[in-house]
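Given as structure tokens, the chain that follows is alone and in the form predicted on its own.
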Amino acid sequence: MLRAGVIGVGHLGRFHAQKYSDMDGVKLEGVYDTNADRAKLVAEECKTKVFTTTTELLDNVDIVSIATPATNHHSVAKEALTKGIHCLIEKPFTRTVEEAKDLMNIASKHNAKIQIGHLERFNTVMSGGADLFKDPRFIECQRLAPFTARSTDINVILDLMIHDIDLVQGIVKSPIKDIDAIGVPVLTDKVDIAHAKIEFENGVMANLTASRISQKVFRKMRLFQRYSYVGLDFQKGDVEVFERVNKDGSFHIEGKTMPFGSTDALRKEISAFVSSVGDNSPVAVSAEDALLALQTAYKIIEKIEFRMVNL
């Protein structure tokens, strides 16, 4: 039986606690949050205890979810990994590339696993549509969300776009040749809407748009490839496909929509983490993959900052 804890039980951390409390092979030992009232509320809901310090919690667990603001990921994870505790760290991995590399070195030294919470990896449209990806040449991603007070400690690239950066790099599997980007702050002092164009060395192009000032949630990816188009709707759980087919000596376009429906992606993510620790297998979303996404995110940020300085 693995002993689990959650550090940071705000909006997303609360869901982590709920999943652990209802999962076979795991005992939720307790939660910690800088907001004592919030920690008490979640602990009562999940029938577990409140720890008054991170150190006290870490002394009583084998695995931990870190769902604090991204600015605290490094310090909290460093304390956990130094104790040999396996960490599921919410995205973005850390605030900086240097912090991510530091945690990877600590994890290796103390034989501890790191899995990063790139949740869209566990969306049904990714598993359902994967067989349809046949050498895409152009990819378009749009990830829009209404404004909330959450995650305003980071910009929209690290908050939202990083999901699609991770997915696109996993699909293309080629080094980046060039990046151009633009973004502006609107409601906060950080970039709230951004667009990036990524050119890969194998010739694939990807356009990524992310906004946290939309009136509605919109999460789609479109892949254009020879003789076919694949559209993934992460919000609805649908995959749309249009293909050129040869019938009776002439070409026709056939289309269909495959509804994969919604799934509890967070439960799948946490279950994968628990399984990797339990049987000592590779984690589903590695620190190496998350570092690659973070490095690309900062290349985009650098391009945006250059534009803003030179306006």
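Note that residue numbering follows the sequence shown and begins at 1. Quick caveat, the model's predicted, so the values are computed rather than measured.
Below: the form predicted in complex with a small molecule, not depicted.
You can rule out all but one of 196-204, 72-80, 210-218, 171-179: in the predicted complex, only 72-80 has residues with a heavy atom within 4.5 Å of the small molecule. In terms of contact with the small molecule in the predicted complex, the residue from Arg38, Arg244, Lys27, Arg267 that brings a heavy atom within 4.5 Å is Arg38. The contact residue chosen from Val97, Val184, Leu119, Leu132 relative to the small molecule in the predicted complex is Leu119, the criterion being a non-hydrogen atom within 4.5 angstroms.
A residue is said to contact a partner when one of its heavy atoms sits within 4.5 Å of a partner heavy atom; Arg150 meets this definition for the small molecule in the predicted complex.
Under a 4.5 angstroms non-hydrogen atom cutoff, the small molecule in the predicted complex has Leu12 among its neighbouring residues.
Among heavy atoms of Lys91, some come within 4.5 Å of the small molecule in the predicted complex. In the predicted complex, at least one heavy atom of Ala67 sits within 4.5 Å of the small molecule.
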